[in-house]
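One chain follows as structure tokens, the form predicted alone.
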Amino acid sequence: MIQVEGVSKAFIGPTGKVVALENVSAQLPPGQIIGLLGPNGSGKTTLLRILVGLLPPDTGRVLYGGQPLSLQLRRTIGYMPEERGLYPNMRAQEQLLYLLRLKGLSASEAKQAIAYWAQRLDMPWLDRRAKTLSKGMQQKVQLALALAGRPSVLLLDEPFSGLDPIIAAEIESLLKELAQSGTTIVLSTHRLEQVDHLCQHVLMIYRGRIPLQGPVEALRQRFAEPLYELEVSYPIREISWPAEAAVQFLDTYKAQVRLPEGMPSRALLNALPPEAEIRLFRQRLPTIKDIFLKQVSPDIV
């Protein structure tokens, strides 16, 4: 369990003091993929840097399993920053070896890790200089650096930025596999549509605060509305729906129906003629993107 307790952080900018995080507290469950969501400038990157120990909080603390962050604990954390920090004239493989040695791996451990992740992430081009690599290739190199040493905690800042759909799907599959093996993964992402199928827990940051956090499914249930999807073997337009229901016809046999508050879903089933076979009937739960957009102003997303 990662505990964030009353963390605040401010910076001095050209116009004065800028508050990045204000009394933020959160509990991040172990062995899960945790989505860190928020508009640009909301404090996501600052929180990740504090979690990995690159920035000290002004107030508050971060605990890993009840222990404060130490040098030994930092070596169990893999971190992938949003910035691409590779040396342009240095070969990718040489950089990985150099950086992994700095990370504390022996030469043989580093070479083993490079060989493993080169194959796993399909990187046959590691002998090329960084400046000749595409953004997606550089992304893979930094991901390999974060994964080397089998960290128990993985902090990823916009790991899918610049990746094509095929590579992104491969990385998603890898992250799910790592979480199933017990790795705690915190990832900042703007791809809200992927949170529902990738993350089990979310942390929403808005203007330096956390207005919402919790398990994905629990949040979807919490923000659920009386909106139902229905498919029957009977022309939808010929059904006499309750007068208060708002019906959106999707095709001949499908509709989306919104009921007024307090009306039971049974009212929809009672409206169906006896000869109508029910093929689909379910409540439409909001996506994390739906919930996110309700929590922040549309003009800043």
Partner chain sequence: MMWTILQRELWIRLRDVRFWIGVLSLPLLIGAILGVTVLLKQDKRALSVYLIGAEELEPLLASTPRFKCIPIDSTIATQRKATLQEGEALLELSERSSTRVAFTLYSREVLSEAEQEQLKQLLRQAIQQVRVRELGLPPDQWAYLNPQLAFQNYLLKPDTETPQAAGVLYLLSIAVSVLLYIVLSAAGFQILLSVLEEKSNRLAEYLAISVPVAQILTAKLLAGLLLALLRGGVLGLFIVGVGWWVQRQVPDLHLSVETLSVPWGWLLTYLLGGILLYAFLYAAAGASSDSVTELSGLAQIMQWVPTLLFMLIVFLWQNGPSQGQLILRLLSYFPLTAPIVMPGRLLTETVPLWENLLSLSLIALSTAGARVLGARLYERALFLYGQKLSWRSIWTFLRRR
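Since this is a predicted model, take the numbers as computed values, not measurements. Residue numbers count along the first chain shown, from 1.
Below: the form predicted in complex with its partner chain, not depicted.
Q: Do heavy atoms from each of Glu231, Ala246 and Met263 fall within 4.5 Å of its partner chain in the predicted complex?
A: No: no residue has a heavy atom within 4.5 Å of the partner.
Q: I'd like to know whether Arg75 contacts its partner chain in the predicted complex, with contact meaning heavy atoms within 4.5 angstroms.
A: Within the cut-off, so yes.
Q: Verify the contact flag for Pro81: yes if a non-hydrogen atom of it lies within 4.5 Å of a non-hydrogen atom of its partner chain in the predicted complex, no if not.
A: Judged by the heavy-atom cut-off of 4.5 Å, Pro81 is in contact with its partner chain in the predicted complex.
Q: When the contact criterion is heavy atoms within 4.5 Å, does Leu86 count as touching its partner chain in the predicted complex?
A: Taking the distances in the predicted complex, the answer for Leu86 is yes, it comes within 4.5 Å of its partner chain.
Q: Does Tyr98 reach its partner chain in the predicted complex if we count a contact as any heavy atom within 4.5 Å?
A: Contact with its partner chain, yes.
Q: Among 210 to 218, 141 to 149, 171 to 179, 193 to 201, which stretch sits within 4.5 Å of its partner chain in the predicted complex, heavy atoms only?
A: That would be stretch 141 to 149.
Q: Can you pick the one in Arg129, Arg120, Lys111, Arg222 that has a heavy atom within 4.5 Å of its partner chain in the predicted complex?
A: Selected residue: Arg129.
Q: Scan Ala107, Ala115, Met90, Leu227 and let me know which has any heavy atom within 4.5 Å of its partner chain in the predicted complex.
A: Answer to the contact question: Met90.
Q: Going through 32 to 55, which residues have a heavy atom within 4.5 Å of its partner chain in the predicted complex? Please give them in sequence order.
A: Residues within 4.5 Å: Arg49, Val52, Leu54, Leu55.
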